[in-house]
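As structure tokens, one chain now follows by itself in the form predicted on its own.
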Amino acid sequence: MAVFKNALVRKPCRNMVNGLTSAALGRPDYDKALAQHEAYVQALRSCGLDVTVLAEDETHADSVFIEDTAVLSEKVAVIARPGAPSRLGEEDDVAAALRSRYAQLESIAAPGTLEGGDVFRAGDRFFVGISGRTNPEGARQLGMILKKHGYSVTSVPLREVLHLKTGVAYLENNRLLACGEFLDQPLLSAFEIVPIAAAEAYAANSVWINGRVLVPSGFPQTKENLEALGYDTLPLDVSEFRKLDGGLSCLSLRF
């Protein structure tokens, strides 16, 4: 079972209100987003993580979604290459922050694209979503890097969601919280699937951390189902980040 000790987050910038979105939920409230982000940081600390907060980056509206900039393991940190042109460059500060923590840093190179929101880990297995943000070449490069360090990599084609972790969350013990297209995905058939109803699909982006599960608030059935399975849940309001197609996992790199 994974044990997380650290998290890297980035403070929301004022320019976040102009971030990429397809959600049609209105313009984010910056002050409310700041308060939600601070509550998120405190939640990570309550799970036992040492949290490093990077300064805001006004040149990149979506930079608060730091998960997309890297894929981390115990043995190597892989610096991603965002698939949205406006997000290129977000990864530079993250690479600098990780350089003192990792003996080995490798990077995805053009023409590959890769965003961390398309990657989940289950033990020594990594699953990579092929999406509008992560292309086959980026997934191939990630696979080559991780295989050198003893990990296996499986690519999962996406049909509807933005990122792989938009629709799945690994809960340890071979359990996968999932909705929509992932309920019958053959590549995920080895997992025990904990299904989420379509009405609560946003809650699929939950985060297991050291025995607790961070869940977005407002999705009572998902919370109840997780608790029935023995999980300790911690609901968090991330409404302003949802307006930018973001969720709980997007806001941190955990390692």
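Quantities reported herein were computed from a predicted structural model and do not represent experimental measurements. Start at 1 with the first residue shown and count on from there.
Below, we refer to the form predicted together with ligand CIR, which is not included among the displayed structures.
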property: Which of 64-72, 190-198, 213-221, 49-57 lines the interface with ligand CIR in the predicted complex (heavy atom within 4.5 Å); result: 64-72
property: Ligand CIR: the contacting residue among L142, L176, A77, L162 in the predicted complex [heavy atom, 4.5 Å]; result: L162
property: Contact flag, R87 vs ligand CIR in the predicted complex, heavy atom cut 4.5 Å; result: yes
property: Interface membership of L8, ligand CIR in the predicted complex, 4.5 Å heavy atom rule; result: no
property: Proximity of V17 to ligand CIR in the predicted complex, heavy atoms at 4.5 Å; result: no
property: Heavy atom of R81 within 4.5 Å of ligand CIR in the predicted complex; result: no
property: Within 39-59, the residues that have a heavy atom no more than 4.5 Å from ligand CIR in the predicted complex; result: none
